Every structure is written in structure tokens, then in C-alpha cells.
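Only one chain comes next, encoded as C-alpha cells, the form predicted alone.
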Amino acid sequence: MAQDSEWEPKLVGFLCRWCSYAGADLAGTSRKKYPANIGIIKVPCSGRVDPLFILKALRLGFDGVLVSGCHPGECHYQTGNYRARRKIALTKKFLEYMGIDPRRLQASWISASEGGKFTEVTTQVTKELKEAGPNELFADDK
């Protein structure tokens, strides 16, 4: 049981290059504290995150996925984040149908000037993943 208290979830974040990635960069340069268990992948737009990327991350053993982009209405590609919002809602339903806890997929809207919000979001997502426990659905595949 002592090992379980030390367990930290592995999180992958698909961050929009225009806003969320810049927000994460601001958090880092401002020396804000956030969980070190997030691996960041910069994407052109949150709307370009394919649901297969999310499934692949979970299959590879990540405990959760965060998709983050510009605030709705402020996308550099006009409607990318609206597309992302629809994809995420459908993917969460699909994950639930497959027996995967939908808390493993989270979305957030963070602008380039919101480094503090990035730290809050990653801390909250990590807390929820700790409650969900390790991702063991694909453990037999390894």
C-alpha cells in the first residue's frame, strides 16, 4: 500500500501552439509550480487532435490526456476549438462505452497570458487522475 501512495499518474497534454502552449511556457518562465508528470505535445490547433491520438496515449500507458486550446471564439483558425469541443464530448462518450473512466480525458481553454490557469488545470487533472487510479485497461498489451 505504501507504493500506491507514491504513485503519480502519467499525463499527456496536447496543447494548441498559439495559446495553451504559450500559457504553459509562461507558467514555466514564471516559475509556477505544477505537476511534473505531464508530457506536452504541441499541436497546431486543439481541433487537430484526433480521437485516435487520445486512444493511442491511453493504450501506451498514460493515465490521462489533457487537450487544451484557445478560448472558444478566439481560435486562430476560427472554429478549431469548437471542433475540438465536439470531438472531446464524443470521445468521452466513446471511452465510457468502452469501460474507460471518462475522467481520463480532460479539456481546458487557456490563453497565452494564463500561466496561472495552466498550473491550476494540470494540478486539478492530476488530482482527478489520482482518484481514478492507474490506467490498467491495456495492461495485458505490454
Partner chain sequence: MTNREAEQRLRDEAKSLLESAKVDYIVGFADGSLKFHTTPLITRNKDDVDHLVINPFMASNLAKFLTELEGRVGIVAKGCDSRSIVSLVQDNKVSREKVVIVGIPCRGMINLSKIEQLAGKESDEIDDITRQGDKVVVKLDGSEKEIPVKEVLFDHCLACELPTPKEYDLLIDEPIPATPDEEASQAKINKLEELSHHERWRFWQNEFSRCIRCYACRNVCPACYCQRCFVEEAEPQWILSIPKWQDNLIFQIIRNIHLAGRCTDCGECERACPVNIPLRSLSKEMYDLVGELFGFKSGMEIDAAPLLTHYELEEAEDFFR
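Keep in mind it's a predicted model, so treat the numbers as computed, not measured. Positions refer to the first chain, counted from 1.
We do not show the form predicted together with its partner chain, though everything after this point is about it.
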Does any heavy atom of residue 106 come within 4.5 Å of a heavy atom of its partner chain in the predicted bound form?
yes
Is residue 125 close enough to touch its partner chain in the predicted bound form, meaning at least one heavy atom pair within 4.5 Å?
yes
Is the gap between residue 74 and its partner chain in the predicted bound form 4.5 Å or less for some heavy atom pair?
no
Evaluate residue 28 for contact with its partner chain in the predicted bound form, applying a 4.5 angstroms cut-off between non-hydrogen atoms, and reply yes or no.
no
With its partner chain left out of view, choose which of 45, 112, 95, 40 has a non-hydrogen atom within 4.5 angstroms of it in the predicted bound form.
95
Using heavy atoms only and a 4.5 Å cut-off, decide whether all three of 12, 33 and 65 touch its partner chain in the predicted bound form.
no
